[in-house]
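Before any questions on binding or motion, here is one chain by itself as structure tokens, the form predicted alone.
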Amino acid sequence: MTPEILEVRAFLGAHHPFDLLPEPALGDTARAIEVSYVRKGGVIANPDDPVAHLYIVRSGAVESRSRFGELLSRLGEGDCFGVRALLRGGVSTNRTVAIEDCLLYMLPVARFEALRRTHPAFAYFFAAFDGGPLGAAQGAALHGKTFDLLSRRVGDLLVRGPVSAPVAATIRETAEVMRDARVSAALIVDGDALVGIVTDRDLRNKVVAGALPPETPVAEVMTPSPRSIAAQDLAFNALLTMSRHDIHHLPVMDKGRLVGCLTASTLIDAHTSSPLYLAHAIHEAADAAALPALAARVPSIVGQMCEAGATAHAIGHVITALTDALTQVLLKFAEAELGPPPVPYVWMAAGSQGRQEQTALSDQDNCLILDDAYDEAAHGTYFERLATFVNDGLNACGYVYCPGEMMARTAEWRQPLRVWKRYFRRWIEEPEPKALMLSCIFFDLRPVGGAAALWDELRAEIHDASRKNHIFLAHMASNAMQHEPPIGFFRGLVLVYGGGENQTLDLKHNGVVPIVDLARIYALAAGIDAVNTEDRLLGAIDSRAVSRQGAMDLKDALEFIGITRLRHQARQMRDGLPADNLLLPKELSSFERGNLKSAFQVVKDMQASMASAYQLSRF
């Protein structure tokens, strides 16, 4: 990287939400940045102007006003704008002007959209701008009380008017105002204008510790020109502003008039279980010991999102984003303890985490790809300790060890790139049963931390080899038929024993897994890079690996079976029971049972179609 790009990367990495991106994505984003200089008074966008970039203020300040001249926001270093325009057709609805000389970073819309698609934690930052974290394409908006931060206005959260003191007041007089009002901050005003803020922290650090006399003018200890937020803005943005700038009090303005002060406790007390807050808290954790308590909140988010009407596809992305965050933070702590890695590596998520389809019930599937400069004698101990640190940390967070030891701490799955290439060549060229089982796990890889270029090189090779090997694909197709949907000859539900004496439906192995298997084969046959099952199905349409109708039917079946499974798990957790995948039919209404039968029939039909395509005798 050039020094200029390194500087851009460092700046982005120090500001939310770019600090949520893994290093490879952050580097690619820095390379994509364009730079613009705008003089004070320069117009950046007028209403109805086309907008093709996300803007990030590198230095200076801008303000945005409605087409009627109403002040909407003032933004400074590290703030983003142009989001609403990008999410609403690429057309500006407001007038944005530089109020100081500005240096702006400009991220092209294509890169912005790619980041939102592939990094859920990054997408969550911008969720409020397009109506919710799921987006309109998901067909569900989160209106439940747990997700109020995504829809409520700042002004709606104020419980009192502003507590203020005049700029001419003394420290004693200001402290008396705070005491009488029982607040932790006073807004300092000059007439009707907000000029500063004084908090309990200021009185402690600047007055008491600094031994200032009580008659000192409060202007000497206040924070001048404090950040503020508009009453019409979303509470979601208030939380992000406080988090980004490490402040706990945010004055609230309504058309230039001071109307109150929002505190961090007001937001956090009510919303500590929101996925946005939790992702931030994970990244802010002081050490690995703090992570299990944070991870313990993940199962409740599944229930909250189910109640709020979220799709299974969206819930999988959100829950996986939290697992990714835990993994990335554990890698950071491991490197802090062990020192920088001796050679580049990439930590790969496999299985449901790799596909971004995790639920409340997930074990670990992961591995390490090491640079070919790796030497076992010189570097083996470092990476064994790093992998063990992370696997143990994830286990402590509730992601139990893989029963089959498909984890990075297992030496077999912690290998240099050349060995991984050899593994995949053998699995593709000699598709015996164990190779097919391993293929189902390791063809669902996704980089989570480290040098993603290592994976890019391996991915290109294995996709090319698998796409050309019809015998391998036929064996994979045959293997995919091992998991049949639980539906009989007359479309009745076929139950299995599980959960004691009760007969149940296994929604994972006889519902979700067959669709995952079908989508994987479509993707391999077409050379599609996507790992997420829905993305694979949609990609298969474009490549004509499957008919549009077939792929869309499977997508709908996956969604219905998936959300039924998640709601079942949410009910179990609500009742204090361990989550599982075994559903009693009596939990469903007749309408739900009918839809579930239809979903299973779709899977059965598509399995038969694949069996015919690969001339398998079973179907």
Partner chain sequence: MRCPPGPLKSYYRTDTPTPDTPYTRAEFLAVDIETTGLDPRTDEIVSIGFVPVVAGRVRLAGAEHHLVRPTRPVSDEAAKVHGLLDDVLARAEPLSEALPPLLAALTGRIPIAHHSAVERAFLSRACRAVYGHPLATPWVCTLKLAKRRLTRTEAVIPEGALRLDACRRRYGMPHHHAHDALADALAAAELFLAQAAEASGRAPAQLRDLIT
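If you're wondering where the values come from, they're calculated on a predicted model, not measured in any experiment. Superpose the two forms; the largest set of C-alphas matching within 1.5 Å is the rigid core. Residue numbers count along the first chain shown, from 1.
One more form of this protein exists, namely the form predicted in complex with its partner chain; it is left out here, but the text below deals with it.
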query: Contact check for Glu23, Ala114 and Arg117 against its partner chain in the model of the complex, heavy atom at 4.5 Å; finding: no
query: Its partner chain contact at Val43 in the model of the complex, heavy atom, 4.5 Å; finding: no
query: Gln572 within 4.5 Å of its partner chain in the model of the complex, heavy atoms; finding: no
query: Partner proximity in the model of the complex: Arg39 to its partner chain, non-hydrogen atom cutoff 4.5 Å; finding: yes
query: Proximity of Asp48 to its partner chain in the model of the complex, heavy atoms at 4.5 Å; finding: no
query: Option from 56 to 64, 576 to 584, 549 to 557, 563 to 571 whose residues, in the model of the complex, bring a heavy atom within 4.5 Å of its partner chain; finding: 56 to 64
query: Among the candidates Val419, Leu436, Met106, Val167, the residue which, in the model of the complex, approaches its partner chain to within 4.5 Å (heavy atoms); finding: Met106
query: Residues within 4.5 Å of its partner chain in the model of the complex, restricted to 291 to 316 and counted by heavy atom; finding: none
query: Rigid core fit then Met437 CA moved by 2 Å or more between this form and the one not shown; finding: no
query: Core fit, then Val35 C-alpha moves 2 Å or more between this form and the one not shown; finding: yes
query: Gly550 C-alpha relocation of at least 2 Å between this form and the one not shown, rigid core basis; finding: no
